[in-house]
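This document opens with one chain alone, in structure tokens, the form predicted alone.
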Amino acid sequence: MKKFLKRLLFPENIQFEKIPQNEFSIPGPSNIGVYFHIPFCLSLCPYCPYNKIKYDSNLVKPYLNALLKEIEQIARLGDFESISSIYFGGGTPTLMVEHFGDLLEHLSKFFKIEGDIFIETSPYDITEEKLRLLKKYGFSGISLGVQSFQDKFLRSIGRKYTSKEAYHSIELTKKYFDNINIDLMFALPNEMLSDWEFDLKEALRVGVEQITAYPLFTFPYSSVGKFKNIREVKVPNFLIRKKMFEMLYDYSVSSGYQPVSVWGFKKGEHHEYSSVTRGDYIGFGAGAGTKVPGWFYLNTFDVDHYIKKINQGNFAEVVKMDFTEKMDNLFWLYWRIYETRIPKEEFQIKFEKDKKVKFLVNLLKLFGMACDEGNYIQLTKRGMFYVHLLQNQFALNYIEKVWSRMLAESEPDKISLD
């Protein structure tokens, strides 16, 4: 299936190439999102695939100063009308929360901030003082990486807090925010349906606005892959995993939540909790990406190298991918499918002459994975499950190839996705 989709959608070779020194540029879209990557963690969870390092208080100030300088660098490149949303990811971003006021104030000198500000964090780093600061700085919503309400699973995935602390972090956060997402993981090693049912019921019981549940991803370059031999990580088989997803869908919908992604469910009128990866956005920090018309860039993942490059007056972006109009349209379609709804009118405009993509969407309908619903093509429960499987086999395979090279080399010459 992976090879079939590659030939169908991307017949040409796709690759990142090294950017010659300081040849980085941005076309300057008028409305753009912003992503800040904060790589620090108190403990490095073995399953986590993201760019992170062990927290070192001596690195915080140099990293902050580099972020401030990078904002000025980027601001000089384009005429940006406004920022549509801001997302702080990591790592555990709240480890630097006392500096976010300076960071956002500096950003506002160069950009007009209009959209929501979201942040993700871990239950172990939630305190009343940090929540007060986030509220003071204007954050709109927060995501807690709970993962499970059972100590045995928290231990198995390397989380450094207990279920009691997870519950406490949720209740504390609810005092300050009314737009809360909690992350859960399923298809964990040795997890049974009854275990997943317990976690899901607890997530619904605590009454947060959004629940995002995703299966265990076992990237070979993560520490699970490096130190445990990925073949020895026993996760539930396909049928159990399918039942787990169906349970997620059925319980959530029956409790008043509606799909906002292939594994995210939301209730209420707040904007859905989401990272800035849906349209054009600028990424600041080590390992951040930048997507603008015509190009996709990646900053160096090496934190020390990132700080050094910025302090020397150089850009942090080290590799780029030529983003053709076709790829830009496919990027748009990918996120619409991820969000479970494809606007028919926009789809027709973007793919009017692309018979291959139309054929693919018609296949979704033919196999009961999507249906027409008013002005949208809506993914069904069946479609949502298979799309999340496909994401594992297709998109995440690309991520594995890129991330493994970027983690191994501060400035790779070339990364082929073939």
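What you see is a predicted model, and the numbers here were worked out from it, not measured in a lab. The numbering used is simple: start at 1 and walk along the sequence shown.
We do not show the form predicted together with a small molecule, though everything after this point is about it.
Look at 251-259, 290-298, 169-177, 85-93: in the model of the complex, residues with non-hydrogen atoms within 4.5 angstroms of the small molecule sit in 85-93.
Proximity of Lys320 to the small molecule in the model of the complex falls outside the 4.5 Å heavy atom cutoff. Within this chain, Leu131 is remote from the site of the small molecule in the model of the complex, having no heavy atom within 4.5 Å. Although the partner is absent here, Phe100 sits far enough away that none of its heavy atoms falls within 4.5 Å of the small molecule in the model of the complex. Proximity of Tyr47 to the small molecule in the model of the complex: non-hydrogen atoms within 4.5 Å are present. Contact annotation: of the candidates Met185, Ile307, Ile74, Ile337, the single residue with a non-hydrogen atom within 4.5 angstroms of the small molecule in the model of the complex is Met185.
This chain appears without its partner; in the model of the complex, the one residue of Pro343, Gly78, Pro189, Pro215 with a heavy atom within 4.5 Å of the small molecule is Pro215.
For the three marked residues, Gly279, Asp328 and Lys350, no heavy atom of any sits within 4.5 Å of the small molecule in the model of the complex.
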